[in-house]
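Next up: the same protein chain in two forms, each one alone, written as structure tokens (structure 1, then structure 2).
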Structure 1
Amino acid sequence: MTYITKPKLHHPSLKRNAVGFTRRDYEGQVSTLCAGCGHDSISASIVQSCYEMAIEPHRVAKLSGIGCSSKTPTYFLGASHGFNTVHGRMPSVLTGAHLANRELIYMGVSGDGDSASIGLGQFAHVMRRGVNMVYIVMNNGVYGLTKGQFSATADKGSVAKKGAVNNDAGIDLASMAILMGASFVARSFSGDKAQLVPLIKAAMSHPGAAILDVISPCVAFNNHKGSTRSYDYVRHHNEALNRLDVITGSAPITAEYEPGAMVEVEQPNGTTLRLRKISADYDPSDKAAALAHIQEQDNVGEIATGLLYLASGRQDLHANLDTVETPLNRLGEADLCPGSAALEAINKGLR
């Protein structure tokens, strides 16, 4: 893979955050994704979130699998730890790394193919185990690296670029994450940075399994009429659970309206964006209500975005396993291997 390195020189007047870093310090290599790809917008949102939170880049460990989405860690947090795993196996590698060193901030970056197809089992188990991490799914409904076949999240009835119709029901990763035990579940749109950045910051602050399902249209294979993952479709069918500002190719578009109200905003391309702000009685702590809301919006062809579910007070993986406070990678052999007598005592307890 060819990487294009950005210049290391920074303008001396660039603003620095609380730990002395500029926004440029959170960037990575120059992206080689298609021009206009939503994944690059997500990368930019991650950069902005970490800069605003004043997180030191070396405190972050970013892990990914295979796919267009899994290339993106190269494009942000260039000074952080990183590991690119095999297809669908990122969650288990992240779990092992987190068990070894609990002091890092773990970010798993994946796609709908990587998480909802070959990695579906690993996705489910990392959620139910409560690994303290941010799991970002860049969801475009297709396999972009292999010319646009439907992924497991593609909606039934959606049409491929070459005319094929998807006859299989799509997997809703947000609903699945709630069912499997994730304690922070949100959904956003790559073109809505004003909503996405606060959600990333909230997920990074959450102590537990946090997932962000981000709809990210594929401009090469899934941004056409008939696709339910295209820019136009999402803008027309986005029922936001919080404030939503869509940034198109021109100037940012904003809208101010009361909670529970709906507003129509005309886009520069002539299409209309229908925004509905979260009603005051929506409770993200109600698991059953969150699942019902997602299904209700799906039934009318809309995509619910925002903070869908939040559970407080749950223990993470380290608490469940009662591990020591000291990271395992700092313990000596005597601590990790206490001897045959300790092993015999453990075995007796299991008989």
Structure 2
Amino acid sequence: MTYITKPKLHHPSLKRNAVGFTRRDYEGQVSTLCAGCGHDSISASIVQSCYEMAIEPHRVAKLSGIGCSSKTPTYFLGASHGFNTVHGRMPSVLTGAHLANRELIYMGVSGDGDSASIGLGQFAHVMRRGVNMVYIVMNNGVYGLTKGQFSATADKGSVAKKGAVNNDAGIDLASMAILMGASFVARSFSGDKAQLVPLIKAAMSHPGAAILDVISPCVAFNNHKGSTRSYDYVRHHNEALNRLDVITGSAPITAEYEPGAMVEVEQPNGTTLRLRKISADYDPSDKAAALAHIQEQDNVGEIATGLLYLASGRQDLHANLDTVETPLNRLGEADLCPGSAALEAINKGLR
């Protein structure tokens, strides 16, 4: 970590995006995480995504649970409201916040302990409900703040820094999210910004429950030989399925991609995802095939990354509840209170 305070002045020649903000406007405070932490790369990718998508920072609400990952919302989008909730329970708070105001963009940030161990229940249910959000799991397989215990996503047989072997089956949050009904499921690696940034942008443009399981090595406790979450291990076992562009109506935002077949998927809110296939026969709209592929890759020790699953036609929570377009937090007395005459009628029926 660093003790340097970030300068507030921006260089006047910094480029501005379509809504007039510089990249710096999307940053937060200086990170207090360890130097080299994968989480900081994810924060930087979030900053880049929001800048490139020209989202007004105050239109984003960022919520997190507890743990190293959940500290990161302090380090990006400093002009957004943030909420560091309780351990494993960010999904319910995010759900409630979303019910109150459907117009903001909701970003849930969590870790593997937060989502797969203590918070597995809320993780499952927030996916089931189709809450319109970007849910980012910064997945390193260990508890960092409490110094290196295994989390529930640690692979069976992986070895802790102090030599302990994990005997419990690891939970794959991406497969789980697909099963639970998430409509956008992706996996990426904190060390692969070229893949991660378009995925974050695609997730933000997706009108439903979008989850990104981002493998993010813990340099302090899980970056050694024998770990299946180390930089080296993940680099060698990363099987990217596809690369993404997001088209938001105006010019497409593109990143540098390897060549491959291209598919365009239009989403219900008008945005289009342009998918460049790397694995030629992988179809992310096929739920069963997606699950099978993730499992097959896992069987041979590989990690499937990219857009794993994209559901078509699924509705989000507000659509299911058929709530009014006006955010509920803006409704006043006239909308909410039936008044004394209605009450008198109720009284009458109770005599």
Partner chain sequence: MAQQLTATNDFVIKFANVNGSGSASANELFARAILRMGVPVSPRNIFPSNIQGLPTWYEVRVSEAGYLGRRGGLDMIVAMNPETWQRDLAEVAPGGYLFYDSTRPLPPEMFRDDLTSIGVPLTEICNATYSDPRQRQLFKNIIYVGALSALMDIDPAVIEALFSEQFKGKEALIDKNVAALNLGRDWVQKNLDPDICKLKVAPADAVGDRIFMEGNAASALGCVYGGATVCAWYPITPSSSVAEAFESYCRKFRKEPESGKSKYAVIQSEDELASIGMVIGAGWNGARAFTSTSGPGVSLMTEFIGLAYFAEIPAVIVNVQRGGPSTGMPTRTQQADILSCAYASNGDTKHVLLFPEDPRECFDHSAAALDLADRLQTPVFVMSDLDIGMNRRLCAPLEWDDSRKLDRGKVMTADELEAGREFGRYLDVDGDGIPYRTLPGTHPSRGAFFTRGTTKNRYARYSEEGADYIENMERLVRKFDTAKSQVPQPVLRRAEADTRYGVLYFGSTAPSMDEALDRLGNEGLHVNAMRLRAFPFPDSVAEFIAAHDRVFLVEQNRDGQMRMLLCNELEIDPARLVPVLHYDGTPITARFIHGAIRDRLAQYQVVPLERAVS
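Rigid core (definition): largest C-alpha set, two forms, superposition within 1.5 Å. Owing to the predicted nature of the structure, the values given are computational and were not obtained by experimental measurement. Counting starts at 1 and follows the sequence of structure 1.
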item	value
Chain form predicted in complex with the partner chain: structure number out of two	2
Rigid core fit then Ala18 CA moved by 2 Å or more between structure 1 and structure 2	no
C-alpha of Leu328 moved at least 2 Å between structure 1 and structure 2 on rigid core	no
Angstrom shift of the Cα atom of Ala342 between structure 1 and structure 2 (superposition on rigid core)	7.8
